[in-house]
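Only one chain is shown below, in structure tokens, and it's the form predicted on its own.
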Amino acid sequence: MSDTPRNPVPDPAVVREEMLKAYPAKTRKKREKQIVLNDPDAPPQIGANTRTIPGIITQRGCTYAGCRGVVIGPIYDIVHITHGPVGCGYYSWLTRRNLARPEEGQTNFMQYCMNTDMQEDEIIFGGEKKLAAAIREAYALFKPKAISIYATCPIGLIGDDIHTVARQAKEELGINVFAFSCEGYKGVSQSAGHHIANNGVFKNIVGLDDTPDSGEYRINILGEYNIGGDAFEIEELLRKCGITCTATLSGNVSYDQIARCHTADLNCVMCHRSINYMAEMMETKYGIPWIKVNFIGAESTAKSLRKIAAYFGDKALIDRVERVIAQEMLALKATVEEVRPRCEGKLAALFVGGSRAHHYQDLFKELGMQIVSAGYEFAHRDDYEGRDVLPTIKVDADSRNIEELDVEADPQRFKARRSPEQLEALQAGGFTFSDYEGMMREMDRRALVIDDISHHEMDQLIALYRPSIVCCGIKEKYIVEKMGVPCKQLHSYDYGGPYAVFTGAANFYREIDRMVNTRVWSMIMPPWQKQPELGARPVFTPKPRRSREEASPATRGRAVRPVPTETATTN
């Protein structure tokens, strides 16, 4: 499809109407709020974090997937046990290509999948004894520092008390054992699982070790999960700048790093949706301020590095950061100059969870490509419109299912990282803390913003926009490609990556160039669909079959040959 002459970009309002007109009135009324035309100066209110309409095919995952599969799973030296039937334990396999490089002497348990495999009798009579036995077995095999337990839907329905089992195992084994009530039905999407995971990590791991790292400029990267090696690239870039990364939650991270992450001086949030809760709680309890960063895209990476250096305010650090940026930009220049002419002007659409649908727009813009539509799977309004709308968001019954921790300043370990005078000087220079402007403010005017896009809406978008590439998840990837459009799977990067910072940007540029400019997509349609169907008239007119009474004994039981009534012809 990439070598086909392209029609003018259609009116987004017309595309929106085509998506909506197939729905019944009640469904349309809800979806109208979730499909909006963007205004970067005054982002429109969008419907988000609401339950998917039954019958609509959605990209979303469940609460259990968000807790076990996204936030906690990448911690490589914890033994993770899913409690429930094995069919519910899909994310026991940790399917997101989270990579890890354990330090010498540490163990990597990420390749192990553990499930209690609840059977019918345990569903009826309870599975707490089986869970306790599974914890003992895991400890005997692996001797881990900690064991985490995850509840699936049946566990919540039958009422197994996994927290009591964890507490008893902790006393018995002398290691940290903790549980997450992350039953899949507990929220509208995997976002609820992120919140539950943040609460559990904050209560059970953060703050257990007060030993700080030796670096002068210590930060944490929150909301980076090391898909395809992104965290490796970020950490290496920070080392070049002289910045120490105490912990990356939760990509390429150990239990011990999280236990001492409260000793850092700054939290840098990548995926706002999945971990802003942790940033807020750490600031309240330990005094660590947080800023929003983005290490996807060359310009965004440079902006984030400069903001980190400005926070510390050391001229030596600021100068070193500038030298690193100059070197990396120079190395990247040749790739951009080669690839951009072949990609410029092409259309892209992104529907990816977390902040990826926002962050990856920067990479496409650096190639001169136009983002015609984008949206999240499990976002809240503040992810689209910015955090300034938080006071206006009404807390609904689904959100009340999730525990809200009562966090106070730690009397011994709370420490203001910057004096009031320093904070005032930073803010006077335009520096912002605890702030996220959302995706809409960085998208084009009248671009189509779609929350929780459905299969029908994706079909309409591809048919009307005919984009050069769509970025989404694994559930949609092959459907999109069967329509003759390349699809970059950005949940786990297919088998690609890393795409973070300057080195990753070069990888992404080349991959997008290859995908949108290959001719294979014009060959997706089979020949019998390209050519008009052959028409024909019947050659023979069959003679009505005679009844058994009419049939003679000689012909009874044998098929009667039709008598030709006209000369055979074909069109």
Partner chain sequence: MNPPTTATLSIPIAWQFQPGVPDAQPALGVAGEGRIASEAPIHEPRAATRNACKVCAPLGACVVFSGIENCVPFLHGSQGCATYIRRYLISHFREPVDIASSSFSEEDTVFGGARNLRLGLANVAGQYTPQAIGVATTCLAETIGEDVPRILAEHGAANSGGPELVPVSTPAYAGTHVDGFHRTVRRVVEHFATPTPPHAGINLLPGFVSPEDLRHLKELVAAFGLPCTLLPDYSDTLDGASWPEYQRVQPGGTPTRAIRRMSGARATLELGHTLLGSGADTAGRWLHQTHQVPRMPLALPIGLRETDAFMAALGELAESGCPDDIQRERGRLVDAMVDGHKYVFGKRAALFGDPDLVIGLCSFLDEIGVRPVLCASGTRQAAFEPAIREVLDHSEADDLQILTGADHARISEVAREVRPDLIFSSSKGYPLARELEVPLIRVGFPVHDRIGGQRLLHVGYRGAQRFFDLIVNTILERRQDRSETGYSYL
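Numbering follows the first chain given and starts at 1. All of these numbers come straight from a predicted model, not from anything done at the bench.
What comes next is about the form predicted in complex with the partner chain, which is not displayed.
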{"item": "4.5 Å heavy atom contact, residue 46 to the partner chain in the model of the complex", "value": "no"}
{"item": "The partner chain contact in the model of the complex: residue 51, any heavy atom under 4.5 Å", "value": "yes"}
{"item": "Distance check, residue 85 to the partner chain in the model of the complex, heavy atom within 4.5 Å", "value": "yes"}
{"item": "Contact flag, residue 441 vs the partner chain in the model of the complex, heavy atom cut 4.5 Å", "value": "no"}
{"item": "Partner-contacting position among 428, 157, 330, 416 - heavy atom within 4.5 Å of the partner chain in the model of the complex", "value": "157"}
{"item": "Single option in 284, 108, 422, 434 placed near the partner chain in the model of the complex, where near means a heavy atom within 4.5 Å", "value": "108"}
{"item": "Full three-residue contact with the partner chain in the model of the complex, heavy atom 4.5 Å, for 113, 479 and 524", "value": "yes"}
{"item": "Residue stretch of 494 to 502, 303 to 311, 261 to 269, 206 to 214 approaching the partner chain in the model of the complex, non-hydrogen atom distance within 4.5 Å", "value": "494 to 502"}
{"item": "Interface residues of 185 to 205 toward the partner chain, as seen in the model of the complex [heavy atoms, 4.5 Å]", "value": "185, 186, 188, 189"}
